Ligand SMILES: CC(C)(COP(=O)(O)OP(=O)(O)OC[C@H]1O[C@@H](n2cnc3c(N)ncnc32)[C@H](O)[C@@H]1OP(=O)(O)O)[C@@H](O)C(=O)NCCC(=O)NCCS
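Quick setup: one chain, the form predicted on its own, written in structure tokens, and binding and motion questions come after.
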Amino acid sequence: MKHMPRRYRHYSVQFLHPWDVRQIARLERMVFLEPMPMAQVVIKYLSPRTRFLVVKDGSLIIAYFGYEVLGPYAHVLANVTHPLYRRQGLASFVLTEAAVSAERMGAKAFIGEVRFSNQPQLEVLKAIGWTRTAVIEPFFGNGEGAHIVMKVFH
């Protein structure tokens, strides 16, 4: 698949390169209570059903959105913004941009889970047209519940 050379402000936007996979694992550990281990990041990266769209400041990944297309749905693996780069609209931007490539892969919608404690993520998703479709308690490994969220394309 072609890379998406684009710009957002003065940042570059592209699909993940193999030499940047370590940065994804590092960001996972930085922001998530239950991060995806490096081996799992590599397995997902190598899958033809998976894409990671990244936003870079120079060579540093400052935001990314990963998803895996499973039939008509693209399941969200992660939506991460580096803590030092938050409040710039990066999460909304990368989520919206990723929908284009997910549609090209045959997906009709994104579906994902958001921790009950992650109200900022729910607000971002609501602002760009995602809806909460269900609640599952408990969902995550620590027993926290999840909002099931969805964004239908078009």
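These numbers come from a predicted model, not from an experiment. Throughout, we count residues from 1 along the sequence that is shown.
What comes next is about the form predicted in complex with the ligand, which does not appear here.
Taking heavy atoms and a 4.5 Å cut-off, does residue 37 contact the ligand in the model of the complex?
No.
Is residue 46 close to the ligand in the model of the complex, meaning a heavy atom pair under 4.5 Å apart or at it?
Taking the distances in the model of the complex, the answer for residue 46 is no, it never comes within 4.5 Å of the ligand.
4.5 angstroms heavy atom contact with the ligand in the model of the complex for residue 116:
Taking the distances in the model of the complex, the answer for residue 116 is no, it never comes within 4.5 Å of the ligand.
Considering only heavy atoms, tell me if residue 91 and the ligand come within 4.5 Å of each other in the model of the complex.
Judged by the heavy-atom cut-off of 4.5 Å, residue 91 is in contact with the ligand in the model of the complex.
Report the residue, out of 31, 70, 60, 100, that has at least one non-hydrogen atom within 4.5 angstroms of the ligand in the model of the complex.
Filtering the options by heavy-atom distance leaves 31.
Taking the ligand in the model of the complex as the reference, which of 86, 26, 108, 104 has a non-hydrogen atom within 4.5 Å?
Contact residue from the list: 86.
Could you list which residues of 97 to 133 come within 4.5 Å of the ligand in the model of the complex, counting heavy atoms only?
Stretch hits, in order: 118, 120, 121, 123, 124.
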